[in-house]
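Read the single chain below, which is given as structure tokens and is the form predicted alone.
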């Protein structure tokens, strides 16, 4: 009997995903010092493009080259005014879209992002002493104690509270980036509203202390994201998907209803899908470093499954993608069969095996064979002594970025802990 994972998923915009397995966004660190499309980046996505994915989500494409999450993120270098007069730029991004999807049919969806206060001091072209941007001037805290505070100061400049001109400019940058991706031939974009980046900073009461139209209530904190969605819709074709990645891990019982209110606003805005993830630089739960290891948790696999279940109950028509922790076909099938989500996001497993859908969708394989076991990335002894979680998260991210580079170069990947 064919796996439920082999079923197609039709998004509200009309885009059809040929199956339920999506290669989730990963930091590739392959855009070089020019922060643009490189041959190695293209080779990585050509390899994923042959893997049989229902959708391929790219790593972060930053909407402003002055504000990068990592030094080697691809980014928009200036205002995009359309195809006329931008032929070289369009050719570069069209080669990216072609590598992702046009040869093998997996829709390519570009994750577009602004890091806000999580822009590392040495990443981007604003200058090492320039401030980062944030809804409120709240510095990043990556741990307790003098050492953690010193490292936070070294890595992350103090943020500046955005004024209306800043907000309008960033909204326009998101729209420009989405328009360029649509003109290049991609099938959609995902607005990165998780992991502590700028959209998440606006959504979250911990980082948004504004008293104007963009803060003070759950609805007002969502205005920045809603403005971006509306601006993007105005410049992309009707069949172009617009999704959102949303944080779940930072919300406790006291803020849960506010989060549900914001999801309701996204549903009303007509987003094509909602990806549920979680964590930030301050608390990197998207990597599962602190995930409990009970038999019940291991059986259900997904880190954010309960949050997705509640979202599904309240918004049954919203297309949900759940990312984080899936390692077996049985676990992925269970999440879909329980009607918790529509799309299964696979991140780190996709960096180790770019052909993983061919394993999960092979009816000839028993469940015990349709799995990918990953151990922990080894942490040097000195790093274990440092008083902040971000060290482990950084090592994890760098390890899997190195595996992406390996298979882009035709080399065998190495699963951690094996």
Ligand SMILES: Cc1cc2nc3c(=O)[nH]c(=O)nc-3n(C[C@H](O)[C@H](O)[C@H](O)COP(=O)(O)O)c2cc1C
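Numbering follows the first chain given and starts at 1. As the structure is a prediction and not an experimental result, all values here were calculated from the model.
Beyond the structure shown, there is the form predicted together with this ligand, which is absent from this document and is the topic of what follows.
Inset, instruction - Would you confirm whether the three residues 67, 117 and 221 all fall within 4.5 Å of this ligand in the predicted bound form, going by non-hydrogen atoms? - result: Heavy-atom distance to this ligand in the predicted bound form: none of the three under 4.5 Å.
Inset, instruction - May I ask you to check whether residue 76 falls inside a 4.5 Å heavy atom distance of this ligand in the predicted bound form? - result: The answer is no: residue 76 has no heavy atom within 4.5 Å of this ligand.
Inset, instruction - Would you please decide whether residue 329 lies within 4.5 angstroms of this ligand in the predicted bound form, comparing each non-hydrogen atom pair? - result: Answer no; every heavy atom of residue 329 is more than 4.5 Å from this ligand in the predicted bound form.
Legend entry - Proximity of residue 196 to this ligand in the predicted bound form, heavy atoms at 4.5 Å: Close contact is absent here: in the predicted bound form, residue 196 is far from this ligand, nothing within 4.5 Å, heavy atoms only.
Legend entry - Contact label in the predicted bound form: residue 349 to this ligand, heavy atom within 4.5 Å: Yes.
Legend entry - Selected contact from 255, 111, 136, 98, since only one has a non-hydrogen atom within 4.5 angstroms of this ligand in the predicted bound form: The residue in contact is 111.
Legend entry - Contact residue in the predicted bound form, from 243, 107, 157, 325 (heavy atom within 4.5 Å of this ligand): Checking each option against this ligand in the predicted bound form, the one that comes within 4.5 Å is 325.
Legend entry - One stretch from 158 to 166, 81 to 89, 332 to 340, 187 to 195 that, in the predicted bound form, holds residues within 4.5 Å of this ligand by heavy atom: Careful reading of the contacts points to 187 to 195.
Inset, instruction - Quick one: name the residues from 1 to 37 with any non-hydrogen atom within 4.5 angstroms of this ligand in the predicted bound form. - result: The stretch touches the partner through 24, 25, 26, 27.
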